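A single chain, nothing else alongside it, follows as structure tokens in the form predicted on its own.
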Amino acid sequence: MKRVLITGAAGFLGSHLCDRFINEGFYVIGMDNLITGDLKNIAHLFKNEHFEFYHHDVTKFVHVPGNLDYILHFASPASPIDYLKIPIQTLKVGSLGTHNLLGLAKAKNARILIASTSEVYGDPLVHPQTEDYYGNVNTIGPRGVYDEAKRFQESLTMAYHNFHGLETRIVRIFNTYGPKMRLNDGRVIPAFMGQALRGEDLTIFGNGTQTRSFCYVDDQIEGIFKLLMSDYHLPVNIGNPHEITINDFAKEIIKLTGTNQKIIYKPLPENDPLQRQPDITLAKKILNWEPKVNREVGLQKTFEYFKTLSAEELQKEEHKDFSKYIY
């Protein structure tokens, strides 16, 4: 039985990856320090004989007994509300954490896939974004801790590939949504749906003409799996190229939820990207992959998930004490 280590296993994408690899017949080792992850996302796997979980911070030395065939590094804060609260930990998981896991992959002779992000392109001057675009990133801006952590992560991964001959893969993930997202993580889909469920007006930052391209989680996981199993070691965009303005998206949410909220506008955060759209030509060519789930279907599934949350969960704000993680 092939063995895979998935870091960030209790997070949104990490938990979906755990499910996928279990279903594919792998022995899955999940690892998470639970800063932003939640054990409820993987609780259903605890009784599975082919799953085990380590509560561990990957910025510290990582030891996993036995052989490993694959490592997927998905441990990182992934939304602005997180990496603005824990900037140092965000930088460390992309640097020290990546270094530890690349070292583990080398020791175990395992193939490792690194979760990068569309944020490596910053506020792009090229549209749509192709993998050969170097980006437009403010290294000292509020988002720089995340953007630069991921850019360094890519550089370190390529160094291990080129110097040590390590089998590496790099996925650049564009906006992804679906069940198991945290309702209060600050990203637009859970933010809008949470406001709709609470009967609040929808808040748009800026004038709403900025664009995003949303990929349903099942499509994203399929792309990641195909990339891991491919022979391609350079970065690959995985996302949905169907672009929409935030204004139009807010109207879609109001229609979906059957509510009659108003849309209110607040100032645009510093360095917030004005355009985000992946060019997935490479993924189509190399992986024979493209998204299948249209936004109407994906949003309905996501909304149904959020409707299952309790009234207490709908009202709560993020309250974790991050101070102990900043050192």
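As the structure is a prediction and not an experimental result, all values here were calculated from the model. Start at 1 and count along the sequence shown; that's the residue number.
The next section is about a form of this same protein that is not shown, the form predicted in complex with a small molecule.
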Based on heavy atom distances of at most 4.5 Å to the small molecule in the predicted complex, which listed stretch, 157 to 165, 70 to 78, 204 to 212, 104 to 112, is the contact stretch?
70 to 78
Any of the heavy atoms of Tyr146 lying within 4.5 Å of the small molecule in the predicted complex?
yes
My question is simply whether Asn175 lines the interface with the small molecule in the predicted complex - judged by any non-hydrogen atom within 4.5 Å.
yes
Can you tell me whether Ala43 touches the small molecule? I mean in the predicted complex, with a 4.5 angstroms heavy atom cut-off.
no
If you check in the predicted complex, is Arg151 within 4.5 Å of the small molecule, heavy atoms only?
no
